[in-house]
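The chain below stands alone, shown as structure tokens; this is the form predicted alone.
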């Protein structure tokens, strides 16, 4: 009886082995690696080799930033610059991610030194305009685009960061800014300004000038961010559709097609004739928007939906600005404000 019980026990353990080994393999991944893989790798690369985000494994990057800088960057993000804020992460989770990032390189890195550097911002402005503005922008607004190939010149491995960004300013120390100016970052367009003929006092002045940058925050109302733009038409369904088509063409858009809402999903004789979508596009605007941020393709080409229900004809369009805000890209917001205003002009003209 005892032998039989022992055999049953061993058999049960054998059945659990595949599950246990798989579970152990998953547990072998550190918390930092799991969090990084889930939240960071899509932009920064599985091994930190970059993509949309900067290459975190870059030796010169690792050698110039402290753990505190990395932690604050994760916590605060870069408002309006693709990098989101992970404000809900605990300090322990952020520390685990930082530890994982440090595993990409074995180079020595600095401790966080928050001692301010004294310099003359007026003199620093002249040096900045001559040496930095062409990449980082006249007011420190950074390079354009998201960093993916479509919106970045192929010879550039990264987009120049925004130096006026509130997240950047809070995360970085004066010492780290100066270190980057002195050493540059091999593998990127950022060169050593000491090798370019500047002296340390020049760099102190540039640091002082960069510290004067202030990010221009966009103030948007709840109305600006409404999910849809909706108007009631005084006309019948077909007359409203014809009116929208005229308004679309009048705004230099090309009409693509008009279809029922459920076209392609049900048989032709079962489609709802009282719900139609009008597709249209301005290809110059489309190209410009895609060059800012390829993700805008998720809600292009433009479309307006017309629905007849209970004696009313409603004309609706998504609010591009609401969708744009999901992408954390101020430059894209500007394009989507323009796109929203064009929608409103078309909708108002069509329903007068």
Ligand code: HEC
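Positions refer to the first chain, counted from 1. Predicted model, so just to flag it, every value in this text is computed and none were measured.
Keep in mind the form predicted together with the ligand is missing from the figure; the text below concerns it.
Among 110, 121, 84, 103, the residue placing a heavy atom within 4.5 Å of the ligand in the predicted bound form is 84. Proximity to the ligand in the predicted bound form, defined as a heavy atom within 4.5 Å, holds among 229, 241, 248, 162 only for 162. Shown alone here, residue 320 lies farther than 4.5 Å from the ligand in the predicted bound form, counting heavy atoms only. Contact annotation: residue 48 falls outside 4.5 Å of the ligand in the predicted bound form, judged by heavy atom distances.
The closest heavy atom approach of residue 212 to the ligand in the predicted bound form falls outside 4.5 Å. By the criterion of a heavy atom within 4.5 Å, residue 280 is excluded from the residues contacting the ligand in the predicted bound form.
In plain terms, the part of the chain that comes close to the ligand in the predicted bound form, with a heavy atom within 4.5 Å, is 131 to 139 out of 249 to 257, 131 to 139, 230 to 238, 269 to 277. Each of 61, 158 and 189 comes within 4.5 Å of the ligand in the predicted bound form, counting any heavy atom. Residues of 30 to 51 that come within 4.5 Å of the ligand in the predicted bound form, judged by any heavy atom, are 39, 40, 43, 44 in sequence order.
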